[in-house]
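A single chain, nothing else alongside it, follows as structure tokens in the form predicted on its own.
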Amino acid sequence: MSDDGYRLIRPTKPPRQQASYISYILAMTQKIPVITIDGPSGVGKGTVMLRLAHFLGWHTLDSGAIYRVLALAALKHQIALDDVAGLVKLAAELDVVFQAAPDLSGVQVILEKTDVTSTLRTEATGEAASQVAVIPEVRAALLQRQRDFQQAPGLVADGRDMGTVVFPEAALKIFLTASAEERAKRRYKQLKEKGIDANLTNLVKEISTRDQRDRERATAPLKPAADATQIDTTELSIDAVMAQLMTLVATHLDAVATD
């Protein structure tokens, strides 16, 4: 057992060999395996995605960043956030590259050859992204772009509709949750560490409002896939979440291996 009370996988093979074996077995379930990690902002999706993808040696997709990039590009090119035709055209021509940070601390996002990683994570960009993400035509324009990230040997994708809309046939689906208050505290801490002023009460309100809008939107609402496993991260460290996730991967591995 770990200090958090969760059973940790203790492989008999070195980690990289175990990761290769897991990738091999999961690959038996579909042509190119996908693991989806969905949930609202602030639940640890990005960190979990990077750690799992690094362990398996797979590609990553931060789908939320795609909408933030589109919103940022729209603001840059002075395209109104309700200009559907303009946004769809911009989405089709979006010049964006995703790459892991050297220390695996996050994903670096390059928009039109400029690193916009820090700008993407501001509340203003997040609010703009939430607005463009509810437009059906925009979501359709970006759908194929996201599916193109499914490349060998596999993909770990995080977002809000990865398991329900983008990759409904994913090998394993995870849905992370946490209270709005806890997520606001995490965001507040991140902003303060970066020297950015923030108000905790306002962050709670903003997160709650965004959650409600995401849950109630007509297109791809925020909800777990019917076959997703839900993990509440409110009281959990990232290590504890990873321990649960690796147990799920191992369980899935055993199920596939014995079919």
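Don't overthink the numbering: it's just position in the shown sequence, from 1. Just so it is clear, the structure is predicted and the values come from calculations on it, not from any experiment.
Here the subject shifts to the form predicted in complex with a small molecule, a form of this protein not shown in this document.
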Only one of 161 to 169, 85 to 93, 72 to 80, 174 to 182 sits within 4.5 Å of the small molecule in the predicted complex by heavy atom distance, namely 161 to 169
Looking in the predicted complex, any heavy atom of residue 41 within 4.5 Å of the small molecule? yes
Does any part of residue 36 reach within 4.5 Å of the small molecule in the predicted complex? Heavy atoms only, please. no
Taking heavy atoms and a 4.5 Å cut-off, does residue 126 contact the small molecule in the predicted complex? yes
Report yes if any heavy atom of residue 59 sits within 4.5 Å of a heavy atom of the small molecule in the predicted complex; otherwise report no. no
